[in-house]
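The data below hold one chain only, encoded as structure tokens and taken in the form predicted on its own.
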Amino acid sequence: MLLLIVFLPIIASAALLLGAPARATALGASAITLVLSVLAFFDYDHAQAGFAYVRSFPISTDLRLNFAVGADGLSLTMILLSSVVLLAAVWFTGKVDRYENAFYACLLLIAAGAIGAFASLDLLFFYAFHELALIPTFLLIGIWGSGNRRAAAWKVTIYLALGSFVLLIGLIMLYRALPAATRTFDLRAIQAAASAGQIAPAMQSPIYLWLLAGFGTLISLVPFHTWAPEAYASAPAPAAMLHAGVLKKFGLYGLLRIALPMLPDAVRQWSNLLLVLLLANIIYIGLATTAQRRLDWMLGYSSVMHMGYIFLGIVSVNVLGATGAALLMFAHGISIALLFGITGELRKRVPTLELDALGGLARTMPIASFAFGLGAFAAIGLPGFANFAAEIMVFFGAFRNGFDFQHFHFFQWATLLALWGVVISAVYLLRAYRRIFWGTSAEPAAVPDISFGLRLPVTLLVASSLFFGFFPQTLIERVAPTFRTHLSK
């Protein structure tokens, strides 16, 4: 089943490039991928923990290289996120004016790259699947984007290519840090070697810094963040949904899968540095988001800002914070995909996305207004949505790090500062919502609402956020065992 989930989008994209019906093929493949992902997620035996659905095919015995896939609770959560956002993005796409088959094929390849990376048990294929998704990202922005799309496409490609190159160096260093007789690309074997102390503490620090710089660039960690807002503002809405909602989580997943279990001493050693950088993501980028006057740019900066919360859960180095980070990865992916999807529909209907030029759209776009409001409330962290449960876990996990009930240290002060990000998020999202949908408009009757068919992907995204908001234990009980073997409570 896992192999089918990984390769179905690739097969469908190949069929599209060979001339298969565009929308029907993409929707069919996306729907089947989602159904299989849901079945795998709920069929997973979290009581047993460990990897399930494992399949391995030898490639090189000399290098101990295998094509291997498998999934535990963390992997299945990210695969489920990828499948949900993929179906929503394909559904939001609608009619494409030129190269329709290629457009849908690019969407499927982005999702395939993300799903393949999340399912890979081999370090080399973990990296290669992510690289697979970068080429269609460049094409989607450069060919079908808006604004200064070519400059944005080249900028995002240069940044992500450099980040990937730095990441590759870190992964090679990790491979070479193992004893020569036991070197392998298998993530399970590397983690076992790390647990047995076979990665020297002196090697952990440089490896971690290379990985942090590489993954951080892909995630848009300050100061490697400037590619993201322009890329998301210029990208077609479905591409922004998939990249901001899914592909950006590759770097966070890599830190949770590789850095935390394999380099724990280095993560603790450099925690203060990461705390400073993530606070810049939350506070500095949050204020920059508040200053934006275009809706697409505001959402681009908002996506960068919210990565800081997930970093806070990762740097807490405990089960509560790391599990909250995984839940927030899922929750943010859903909420930002919904907001970008509605923004894409607005772009088709109004002459500008300048906040001051919009207003009163709720009178003629009640469904879009309601959907955008729910997405904004989720992103803010309103109780009932998955974001709220995730942020609570992240904040508590970070605050308890080293807390001795007598005095605060840097972790507690950083957590208190990060809490102000919730206020900043509420300011810019609610202000934008009020201006766009409840302000004054010269010609409100000229703007039609989103079609009846688009209510289905909206419902899918909203229902996903609400389900895991009301029942977060469904996800927590699958994810937490991933971290219990190597992290404190």
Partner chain sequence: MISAPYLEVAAIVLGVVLLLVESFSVQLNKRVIAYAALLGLAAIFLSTFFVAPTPAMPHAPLWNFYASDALSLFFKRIALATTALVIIMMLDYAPVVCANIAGATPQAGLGEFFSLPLFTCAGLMWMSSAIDFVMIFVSLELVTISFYVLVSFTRRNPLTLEAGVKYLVLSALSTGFLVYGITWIFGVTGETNLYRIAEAFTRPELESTGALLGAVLIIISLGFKIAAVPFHIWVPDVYQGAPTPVTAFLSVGSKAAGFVVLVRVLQPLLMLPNVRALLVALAVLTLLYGNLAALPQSNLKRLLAYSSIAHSGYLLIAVVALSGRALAFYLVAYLLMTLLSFAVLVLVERHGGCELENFSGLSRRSPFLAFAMLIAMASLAGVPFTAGFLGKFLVFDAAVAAHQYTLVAIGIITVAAGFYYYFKVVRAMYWETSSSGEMIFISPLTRMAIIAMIFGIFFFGVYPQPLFNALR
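Small disclaimer: the values here were computed from a predicted structure and weren't measured. Positions refer to the first chain, counted from 1.
FYI, the form predicted in complex with the partner chain isn't displayed, but the following is about it.
Is it the case that Y99, Y127 and G142 all touch the partner chain in the predicted complex, with a non-hydrogen atom of each within 4.5 angstroms?
-> Every listed residue reaches the partner chain in the predicted complex, so yes.
Candidate from A213, L162, A192, L417 lying within 4.5 Å of the partner chain in the predicted complex - any heavy atom | Exactly one listed residue reaches within 4.5 Å, namely L162.
Which one, F138, F411, F224, F377, lies within 4.5 Å of the partner chain in the predicted complex by heavy atoms?
-> Of F138, F411, F224, F377, the residue with a heavy atom within 4.5 Å of the partner chain in the predicted complex is F138.
I59 within 4.5 Å of the partner chain in the predicted complex, heavy atoms = Flag for I59 set to yes.
Decide whether Y104 counts as a contact residue for the partner chain in the predicted complex under a heavy atom distance cut-off of 4.5 Å.
-> Because no heavy atom of Y104 falls inside 4.5 Å of the partner chain in the predicted complex, the answer is no.
Could you tell me if R150 has a non-hydrogen atom within 4.5 Å of the partner chain in the predicted complex?
-> Yes, R150 lies within 4.5 Å of the partner chain in the predicted complex.
Check whether D265 has any heavy atom within 4.5 Å of a heavy atom of the partner chain in the predicted complex, and answer yes or no.
-> It does not: once the partner chain is placed as it appears in the predicted complex, D265 has no heavy atom within 4.5 Å of it.
With the partner chain left out here, work out from 84 to 92, 336 to 344, 350 to 358, 167 to 175 which stretch has heavy atoms within 4.5 Å of it in the predicted complex.
-> Of the options, only 167 to 175 has residues within 4.5 Å of the partner.
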